[in-house]
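Next up: a single chain in C-alpha cells, the form predicted alone.
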C-alpha cells in the first residue's frame, strides 16, 4: 500500500490542477471502486457533478478533496449549464465545505491527470471531467489494477484538536472516515510530547506500534524498516523499554526517511506506484534494508535478513539492530 511519501506526491501533483476546479461530468466504469461510498453509483455521480473542489488534502496515507457548493449549483439546472458551456468555471460558496471525496489508493490505486481528449487508461475505474481555473479542461482518472482502492463522498467533521485537518487544508474539518487517524510526523500540528507519552504506555513491539495509524499515521512497512535501521532499533523491541532518548531519535529518523523519500518522489518497485503524470519515484534506489535481504548492511557489512511479521516481512541488520 502506498505510504505517506507516495500519497503526498499525488496530493502535490493534484493541488494546482484541482483547486477551484468545477466537476462537469463523472463516469463510473466499475462500481466496485465505490464500495466505501454510502450509496449507488448514481448517487456518487449526482452529488459530485456541479461541485467545486476546494483543495487537495492529506493526513498520513489518506487523501481527500473537499467539495464546495458552486453558484451554478445553487441557481438550479446545473447539469445542463455545466455541460453546455465550454470553459465554464464556478465560484465556490463562501461557507466551509461540508463534504469531501475521500480517495483510498489501496494496493494499486492511481490518481492520474489527463488531457480532455486523452483515451482512458486501461485500468480506469472512475473518470472525472473537470474545468480548472488554471489549466482549463482536464480529466481526473482513478485507475486501480487490484480494485482494493476506492472513492467515496463523506461528511466532514471537526478535528479533535481544533487544528487544520492536514497538509493542504485550511479548515479544521476532516472526513468522518478519517477522523480516527492520528496526525503524521510531517504534519505541523503533530504533537511530539503527546506521541512519545502514548508510545511509552504501549505494551507491544515498536514496529507494531509504528504501523498503528491511530497512534501515528503515514508509516508503513517500507519506511518503518528504514527508520528502525537508521535508529539501530530491532523491530520487536518492546515500546516500554525504548526510553525517551531512543524514542525521540527514532521519531527524528522517521522524519528524515519520510522527507528523503518525498524528495525522491516516493518508492516505486513497479508501475503501480506513480505520480499524477504516471512517473515513478526513485527512493527504491536509496533503501538500506527494505527488500535488501542477503545484501551487506551499509553500516557494518553483516548480511541483511528478513523475518516474517504480521503477514509481511521485516528487514533488519542482526548486528546493528540487536534485540535488547
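Residue numbers count along the first chain shown, from 1. No experiment lies behind these values; they were computed from the predicted model shown.
Only in words, not in the display: the form predicted together with the DNA, which the text now covers.
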> Might residue 295 be said to contact the DNA in the model of the complex, defining contact as any heavy atom within 4.5 Å?
Replying inline: no
> Should residue 3 be classed as touching the DNA in the model of the complex when contacts are defined as heavy atoms within 4.5 Å?
Replying inline: yes
> Could you tell me if residue 221 has a non-hydrogen atom within 4.5 Å of the DNA in the model of the complex?
Replying inline: yes
> Does residue 248 reach the DNA in the model of the complex if we count a contact as any heavy atom within 4.5 Å?
Replying inline: no
>> So if I measure heavy atom distances to the DNA in the model of the complex, which of the stretches 184 to 192, 133 to 141, 159 to 167, 100 to 108 falls within 4.5 Å?
In response: 100 to 108
>> Since the partner isn't included here, can you check whether the DNA sits close to all of 32, 125 and 145 in the model of the complex (heavy atom within 4.5 Å for each)?
In response: yes
>> Only one of 299, 260, 47, 36 gets a heavy atom within 4.5 Å of the DNA in the model of the complex. Which one?
In response: 36
> If we check the DNA in the model of the complex, which of the residues in 307 to 321 reach within 4.5 angstroms of it by a non-hydrogen atom?
Replying inline: 311, 312, 313
